[in-house]
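A lone chain, given as structure tokens: the form predicted alone.
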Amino acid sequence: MEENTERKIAIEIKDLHKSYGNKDVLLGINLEIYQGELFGFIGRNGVGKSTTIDCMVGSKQFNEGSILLNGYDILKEPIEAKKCFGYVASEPNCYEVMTGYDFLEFIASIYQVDEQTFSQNYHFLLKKLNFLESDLNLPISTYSHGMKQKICLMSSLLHNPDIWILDEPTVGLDIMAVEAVKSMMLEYARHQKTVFVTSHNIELVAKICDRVAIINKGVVVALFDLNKDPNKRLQLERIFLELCGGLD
């Protein structure tokens, strides 16, 4: 416990409440995620995983609570907070009328990435995700789902953010691409960056994450340190089924 107090908090969520009309979705989420940590956030469909992320990245307003990213309040300091993270949605979200290259250049310009850094990161990410450079000259509208997801993954890392937020990042990717994303998440955390990931792939989460939180009915029902208790890696699927009643 003492060890954690000395670590820098990268993401701090306090008493987060969110409702849609009369439907309460988040009923008081409290989380602290540390710098250099690969953190998993799992739960059934419709229990608030994506809503939590939507609130974190500033795409949805919430009713109560606070969210700090690298110490910046997402409501009070949205520009500073948004510069801190790269975000990959569960479904590819990009301007499909653009070519892949134009889209990456556009995203880099938003974050004021200089030409040298863009070139270095661009070529590194192309190689890492096994994306053909020739395909970047084609409109994104012609891409397969997996190619669109790869473009979104690349665009999220062009500015080398301190926090990488991924919502079901492996959906629609082939086995080789899934392995590449898994490797990238581990490498990112090793460089003292923070990774926050949701996934229905509990085996993946159990294998790579440092800690994992389980959300059910709008609240965190369990939080495990998988490094301190490695047995939980093997038991995570069973625990999840006991707490949440299965995947859907």
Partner chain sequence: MFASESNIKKRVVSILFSVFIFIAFVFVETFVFITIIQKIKNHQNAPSTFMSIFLSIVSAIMVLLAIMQARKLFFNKKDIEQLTIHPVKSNQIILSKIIMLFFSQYVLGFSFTFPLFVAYGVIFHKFASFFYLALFYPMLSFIFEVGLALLLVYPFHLCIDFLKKHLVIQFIVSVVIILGFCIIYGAALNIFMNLVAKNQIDQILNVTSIDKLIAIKKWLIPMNFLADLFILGQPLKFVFYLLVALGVFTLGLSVCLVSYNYFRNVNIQKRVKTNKVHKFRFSKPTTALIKKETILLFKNSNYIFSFTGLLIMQPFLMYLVISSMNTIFTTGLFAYYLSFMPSFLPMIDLLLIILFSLIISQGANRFLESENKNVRLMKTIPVRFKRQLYVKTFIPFMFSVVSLLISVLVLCISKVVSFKYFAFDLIISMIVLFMYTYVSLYEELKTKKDHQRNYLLSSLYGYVLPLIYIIVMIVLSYFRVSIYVLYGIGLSFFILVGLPFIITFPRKVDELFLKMEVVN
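If you're wondering where the values come from, they're calculated on a predicted model, not measured in any experiment. Numbering follows the first chain given and starts at 1.
A second form of this protein, the form predicted in complex with its partner chain, is not displayed here; the remarks below concern that form.
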| item | value |
| --- | --- |
| Non-hydrogen atom contact residue 115 with its partner chain in the model of the complex at 4.5 angstroms | yes |
| Proximity of residue 79 to its partner chain in the model of the complex, heavy atoms at 4.5 Å | yes |
| Partner proximity in the model of the complex: residue 121 to its partner chain, non-hydrogen atom cutoff 4.5 Å | no |
| Its partner chain contact at residue 109 in the model of the complex, heavy atom, 4.5 Å | yes |
| Region of this chain that lies against its partner chain in the model of the complex, out of 219-227, 24-32, 194-202, 52-60 [heavy atom, 4.5 Å] | 52-60 |
| 184, 188 and 210 all contacting its partner chain in the model of the complex, non-hydrogen atom within 4.5 Å | no |
| Residue among 168, 162, 73, 135 with a heavy atom within 4.5 Å of its partner chain in the model of the complex | 135 |
